[in-house]
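Only one chain comes next, encoded as C-alpha cells, the form predicted on its own.
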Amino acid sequence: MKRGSLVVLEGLDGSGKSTQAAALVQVLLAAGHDVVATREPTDGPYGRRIRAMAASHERVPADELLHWFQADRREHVARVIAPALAAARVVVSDRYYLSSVAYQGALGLDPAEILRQSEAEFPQPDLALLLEIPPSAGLERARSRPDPDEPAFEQREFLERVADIYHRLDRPYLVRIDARGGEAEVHAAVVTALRERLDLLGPGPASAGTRGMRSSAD
C-alpha cells in the first residue's frame, strides 16, 4: 500500500498556523482524501504538561523542556502519525519537530543537533509550510486573542530568536509562505505550495498566492 503524506504547518505564534491548517484540511477533504488533523503539543500527558507550563510561566530548564516535547512527539508519532501514514491517509499537523528546533534552539540548545536527532527518529514531513511573519506582528496577533494560551513563549526578544532560527532553516521539504497578508491570500499560497510539491490536488489554475511562496533555499 502506498504511504500517506505528512503535511506540517510551522511558524511563530500568531502566524495563522491553526487557521491555515484547518482550511487546508477542508481542501483535502473536498479533494476526496482521508485526512487526519492533529497538532503539537498533543492532548497527551506530556502535551498537557507543556501547555500548563506555558500558561503558568513555570521555569523549566531547556533540556528538560525538550525532553517533554520529544516524549510527547514519540507518543504522537506512535499513536497518530505512523498509523495514519501506514493507512495511506494525509496527516496535517499544526507544528511538528521544526518547532522544537526553533523554540528550544532559541532557549540556548543547539538547533542543528535537535534537527539531526529529530530527522533520525521521526518521519520527515513530505511538506513543511513555514508561515513567516515579523515577530512584532505575530506578538500583536497572539496578544489580541481572548485567552492567550502560551504567554511563556510570547515575548518579543524570544520570538526574534525563534524567527532567526526559522530563517536559517534549509530543508528540501520546507516551503516558506509570506503570512503577512489576509487569510484568503495566505490560503491561496498554501494551496499552491501543496499542488506544486505533492500530487494531492492535481493541476490547477495559477494563483495569486504564488507570490507569497518561496522554497527554503530562496
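Note that residue numbering follows the sequence shown and begins at 1. Note that the structure is predicted; figures quoted are calculated from it, not measured.
There is also a form predicted together with ligand TYD; it is not shown, and the following applies to it.
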Requested in this report: Quick one: from 39, 180, 171, 49, grab the residue that has a heavy atom within 4.5 Å of ligand TYD in the predicted bound form.
Outcome: 39
Query raised in the report: Where, among 26 to 34, 184 to 192, 65 to 73, 171 to 179, do residues come within 4.5 Å of ligand TYD in the predicted bound form by heavy atom distance?
Result: 65 to 73
**Report entry** 4.5 Å heavy atom contact, residue 197 to ligand TYD in the predicted bound form
**Finding:** no
